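One chain is shown next in structure tokens, namely the form predicted on its own.
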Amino acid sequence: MCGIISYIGKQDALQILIKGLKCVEYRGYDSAGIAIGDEQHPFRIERSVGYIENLIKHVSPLGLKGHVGIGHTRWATHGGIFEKNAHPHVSNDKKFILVHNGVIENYAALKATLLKTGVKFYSDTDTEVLVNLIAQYYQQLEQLPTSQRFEESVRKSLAEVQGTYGIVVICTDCPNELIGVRKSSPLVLGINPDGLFLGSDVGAFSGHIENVVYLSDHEMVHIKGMDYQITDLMNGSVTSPSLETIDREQNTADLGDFPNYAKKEIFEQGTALGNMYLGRFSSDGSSAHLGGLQITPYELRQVERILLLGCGSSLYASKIGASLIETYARIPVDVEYASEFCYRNAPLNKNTLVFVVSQSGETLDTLNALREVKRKGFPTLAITNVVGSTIAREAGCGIYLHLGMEVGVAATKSFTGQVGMLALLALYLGRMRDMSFTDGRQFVQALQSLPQKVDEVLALCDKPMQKLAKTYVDYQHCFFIGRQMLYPVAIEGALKLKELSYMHAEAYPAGELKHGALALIDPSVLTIVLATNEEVMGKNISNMMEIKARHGKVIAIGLEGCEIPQKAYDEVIYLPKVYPALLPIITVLPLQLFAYYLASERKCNVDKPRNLAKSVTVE
């Protein structure tokens, strides 16, 4: 969950590192640091607590020089948020400087051994153990040439490590070299004529490069000046890198006229969905075109069950997707927490098709679930937004969302994008089963109109939700309730409110409210009722009346043409009617706006909520 950027080349490293750190700050923002130097300038390490801006203020007057450098922005795992725990970390002998993303699970045992040899520790991190372990091996390998000695020290040290890591290491005896290694934590090599980069994702390169090499697990890249070599960490054999071209625009983000990324990404959802659907409808306008699946129609018709795996917003999008696939394709669908799947022996039917869903494509829990399913021999596909991500590469095939980079930590456009793509998948599978041509055409027309509907709903709800946020800014508890496909929307709405505004929020299937949770209703509790599904409108109204009878506050999200009695709510917003499959997408939009504006009223950092990071690359 930390962000890494490193550079070696012809340009001054400082501004490249600072710009790169800004681009990956969404990965962690508890603290940040850099190390810069080269053959003419001794390496200097500077660190600070808090956002990148604090580091910039700290280093600006220092005049740091060098063409080689590493930078890191931290999301705390081992050790509190103090400068001593910020990266980079340096070995006792000052020869090694290291940044690390991941968790070293056996750090306590390694630390105990190093303490016996006289190593002193100045931080509470697992990373400081690794940098000193490398230094110890370096001392033992003095018979080797310096550059080889550097590489072998890293290799031997990592052979003792249990856990996950993406690391970049500097050896001051080899000031024009960098070594990077990954295991279950992303690391990407970026290449341009002026220098070589290593980063935790391509966003770290801030538009500097077009060509990249995505390192695989147990691969080590050794950079020497403008040359590099990739080897297998385990046996040292040289591997042939696969050079890929990236879309700079897909991996850069500009705020434009918006005050923050959270608001920008909410309001660009219509455009993002339009981009996602480009080229994905059949020529006769009755079905979907999903070339990335790489599974024949015959093979898909043999599927008897689908399993969707995800975490957080991706899990809730999958729950909606499950309802859509079951409704329109008549295929049973299970949805599981990816974080739990590996730790239970789930029975899977031999004709089960598995989709893993992850915005970043680097979510470690989801990646581990993918590997477990593949180990058992099941066909596994990915739905992800990031081209070249680990999940996308290891799944082998799947569907890219092409939503553009999402910077805000709280998922907004990636959630609606995942739901929109799962709706497209439901259409695709449905047309292979028993969905008629006419029904397929109606579904396609609804999806084609969705971007415009999203823009319409955001414009409709913007000012009302801003007003409601002012009204309820001092409330501390909120329930979200919904039925059928709107229950996962309620969960997502509660999650957004928690993430952005730090208000306590819970979601319930509406019928479950009276099975216990109703005991918590009083005038200090707000309930947001999602009542945009016509077929259960009467039951939704009954739920609202139950809450109002206990003096609870109710905001109703309704549907045009389906009037809700005034005595059933305190506030109401009516959304336009849409094709039933698209109700979850338009219903979540006012919830995103409410969470955003409530957080703004509470002076919360809407792009960087406390304790959270965008890409969860640790378990």
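Just count from 1 along the sequence shown to find any residue number. None of the values given here were measured: they were computed from a predicted structure.
Missing here is the form predicted together with ligand AGP; even so, the following discussion is about that form.
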Worksheet item: Looking at T380, S184, S314, S501, which is the one with a non-hydrogen atom within 4.5 Å of ligand AGP in the predicted bound form?
Response: S314
Discussion item. To verify the annotation, which of these, L133, I399, A411, M485, has a non-hydrogen atom within 4.5 Å of ligand AGP in the predicted bound form?
Written reply: A411
Worksheet item: With the partner removed from view, which of 403-411, 512-520, 419-427, 467-475 is the stretch that lies within 4.5 Å of ligand AGP in the predicted bound form, judged by heavy atom distances?
Response: 403-411
Item to complete: May I ask you to check whether T73 falls inside a 4.5 Å heavy atom distance of ligand AGP in the predicted bound form?
Response: no
Worksheet item: Is there a heavy atom of S157 no more than 4.5 Å from a heavy atom of ligand AGP in the predicted bound form?
Response: no
Fill in: Heavy atom of V618 within 4.5 Å of ligand AGP in the predicted bound form
no
Fill in: ligand AGP contact in the predicted bound form: K496, any heavy atom under 4.5 Å
yes
